[in-house]
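Taking the form predicted alone, here's one chain by itself in structure tokens.
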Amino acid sequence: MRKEIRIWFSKKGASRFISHLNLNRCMSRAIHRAKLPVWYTEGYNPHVFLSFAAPLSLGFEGERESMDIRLIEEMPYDLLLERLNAGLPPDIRAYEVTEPVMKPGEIAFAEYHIVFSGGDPEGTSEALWRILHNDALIVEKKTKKGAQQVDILPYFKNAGILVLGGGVMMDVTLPAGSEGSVNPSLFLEAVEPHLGASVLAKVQRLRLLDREKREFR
């Protein structure tokens, strides 16, 4: 038996500063401690097979991240989650197990919340609206062909902005597939001079979508 399953987890709080490489190691150790009946790669240095759909940028929180592993024995999913979580840091929580429906190559977009805190929320909101109504927002984007000047404003034109208590939340859907992606950090770097040093931003990736804007499953 070799059954592939998809484990859904959140990565929040201090864990957002764990790099993807260290996340891989963290999950591998937790799986080993949990004694899950998983498939190991073959060869000189066998290790747990695991695959992440779309690595999360360092410093970002993730609400619905996924990791694929292969079971070699049947195991109740609730027991699997209980054992796995026992070996994970408190800011990384596995909460659902499903069988893969889509392939990672089908991912084309990602939904984000960008939360701005500190400073004057109303002033932050007005500054963001002014930026979104400009003619362009030119940033330097690193590509395989080198650094290029790119206008990212069209990707943010439909962003929503909401003042919430002592902060401001922007929701936006951005390209995130193999055919091209736009990282929210590009926007943050561009708007930082307009917001003031007292305003801090945190990025939360809510979920991944395919080309038809259907949730990645």
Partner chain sequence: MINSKLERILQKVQKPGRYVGGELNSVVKEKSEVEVRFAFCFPDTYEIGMSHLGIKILYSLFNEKPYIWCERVFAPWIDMEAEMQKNGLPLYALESGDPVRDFDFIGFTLQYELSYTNILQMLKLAGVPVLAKDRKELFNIVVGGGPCACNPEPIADFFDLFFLGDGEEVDLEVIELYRKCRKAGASKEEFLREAAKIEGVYVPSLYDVVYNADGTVQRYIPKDGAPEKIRKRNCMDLDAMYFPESFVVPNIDVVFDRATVEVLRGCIRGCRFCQAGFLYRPFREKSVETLSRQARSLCETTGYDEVSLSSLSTTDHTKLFELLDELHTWTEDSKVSVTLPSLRVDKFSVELTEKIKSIRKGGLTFAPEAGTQRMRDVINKNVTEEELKKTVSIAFNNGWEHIKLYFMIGLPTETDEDVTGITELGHKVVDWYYEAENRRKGRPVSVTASAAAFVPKPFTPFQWFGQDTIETLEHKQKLLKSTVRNRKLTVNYHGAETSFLEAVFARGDRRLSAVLLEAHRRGLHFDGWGDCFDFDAWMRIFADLGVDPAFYANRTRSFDEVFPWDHLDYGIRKEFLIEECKRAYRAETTPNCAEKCSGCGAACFGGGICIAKRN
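Everything numeric here is computed off the predicted structure, so don't read it as measured data. Numbering follows the first chain given and starts at 1.
Below: the form predicted together with its partner chain, not depicted.
Within 4.5 Å of its partner chain in the predicted bound form, a heavy atom is found for all three of Arg25, Val199 and Lys202.
The contact with its partner chain in the predicted bound form, taken as any heavy atom within 4.5 Å, belongs to Gly87 out of Pro100, Gly87, Pro121, Pro104.
Stretch-level contact analysis of 144-152, 62-70, 177-185, 40-48 against its partner chain in the predicted bound form, using heavy atoms and a 4.5 Å limit, identifies 40-48.
Of the heavy atoms in Lys157, none are within 4.5 Å of its partner chain in the predicted bound form.
Using a 4.5 Å cutoff between non-hydrogen atoms, Leu162 does not count as a contact of its partner chain in the predicted bound form.
Put simply, Gly13 is close to its partner chain in the predicted bound form: some heavy atom of it is within 4.5 Å. Put simply, Leu209 is far from its partner chain in the predicted bound form: not one heavy atom of it is within 4.5 Å.
Although its partner chain is not shown here, in the predicted bound form the stretch 16-38 places heavy atoms of Arg16, Phe17, Ile18, Asn22, Arg25, Arg29, His32, Arg33, Lys35 within 4.5 Å of it, in sequence order.
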